[in-house]
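Only one chain is given next, in structure tokens, and it is the form predicted on its own.
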Amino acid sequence: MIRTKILMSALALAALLYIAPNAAQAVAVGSAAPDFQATDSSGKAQTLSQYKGKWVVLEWFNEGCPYVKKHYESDNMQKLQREAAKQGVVWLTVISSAPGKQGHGTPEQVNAKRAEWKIASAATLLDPEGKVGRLYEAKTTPHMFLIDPQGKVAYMGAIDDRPTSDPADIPASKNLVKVALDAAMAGRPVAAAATVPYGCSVKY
């Protein structure tokens, strides 16, 4: 009986020790952004660590999602990407849709969509197994993350404050990513550093 209790206590302690490190790795504002390895639609290997010293934006993408279409068919997302690039920001679009799910595509299909929509991000990362998406707990398309030059999360959440799929709402919206980027790059605190993302669920 005593031996059984000791064994159960040891197992419980082992479970706590196993869970604790994983819990500590949860993505949060101010925490270290998880490094990742992925291949982009041009066949190039991409990691977060290769961009240390630069500002990085991660954007989850699904071409079939009406919320994504809202920002791309209006040129809203591309405009923000171009502005960010001029500031030296590395913008990485991420597709975590699994094979057979909405938004998944071959490199050729993804590159065709990049050309059609004139996507201005530095690269589109292909994440069909959802490893990068789950690492960041990406929930929606779009879901946005801003990472500072030290590799810490400076903003995470929605693209703007109008959670609709209607492009007519864009002019009156506050672009939360732009606001966060402008503040953070100027050395000011980001007022709303964590917001609730909206859009289609990531199709893991």
Partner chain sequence: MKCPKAILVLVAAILAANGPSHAATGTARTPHAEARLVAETLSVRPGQAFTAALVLRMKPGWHTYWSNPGDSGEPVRLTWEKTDAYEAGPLQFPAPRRIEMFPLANFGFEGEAVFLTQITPGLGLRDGDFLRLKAEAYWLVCKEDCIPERATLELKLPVRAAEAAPDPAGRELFQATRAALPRPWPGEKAALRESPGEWRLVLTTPRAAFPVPSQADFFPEEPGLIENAVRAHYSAKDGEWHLKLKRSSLGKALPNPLRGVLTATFAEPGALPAAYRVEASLEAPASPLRASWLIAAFFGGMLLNLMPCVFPVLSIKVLSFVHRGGESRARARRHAWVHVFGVLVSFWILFGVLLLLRAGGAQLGWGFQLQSPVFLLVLIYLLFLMGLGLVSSSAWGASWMGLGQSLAGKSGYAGSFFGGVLATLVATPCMAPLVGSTVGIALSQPPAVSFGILTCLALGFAAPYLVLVFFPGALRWLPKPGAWMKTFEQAMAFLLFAAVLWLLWVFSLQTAVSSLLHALAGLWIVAFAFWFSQKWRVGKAAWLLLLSGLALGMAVRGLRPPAEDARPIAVAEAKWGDFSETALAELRAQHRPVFLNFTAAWCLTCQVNERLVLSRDEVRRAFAAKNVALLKADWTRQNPEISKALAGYGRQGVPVYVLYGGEPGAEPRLLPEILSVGLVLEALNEIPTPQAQGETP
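Positions refer to the first chain, counted from 1. On a predicted model such as this, the values are computed, not experimentally measured, just so you know.
Although it is not shown, the form predicted in complex with the partner chain is what the next lines describe.
Interface residue among N175, S41, Q46, S165, judged by heavy atoms within 4.5 Å of the partner chain in the predicted bound form: S165. Residue-level contacts in the predicted bound form: of L146, A33, A138, V68, one residue has a heavy atom within 4.5 Å of the partner chain, and it is A138. Although the partner is absent here, A191 lies well away from the partner chain in the predicted bound form, with no heavy atom inside 4.5 Å. Although the partner is absent from this view, K101 contacts the partner chain in the predicted bound form, with a non-hydrogen atom inside 4.5 angstroms. In the predicted bound form, the partner chain sits within 4.5 Å of a heavy atom of V196. The partner chain in the predicted bound form is approached by M156, whose closest heavy atom lies within 4.5 angstroms of it. The stretch that touches the partner chain in the predicted bound form, counting heavy atoms within 4.5 Å, is 59-67, out of 175-183, 59-67, 46-54, 146-154.
No residues of 30-63 lie near the partner chain in the predicted bound form, the criterion being any heavy atom within 4.5 Å.
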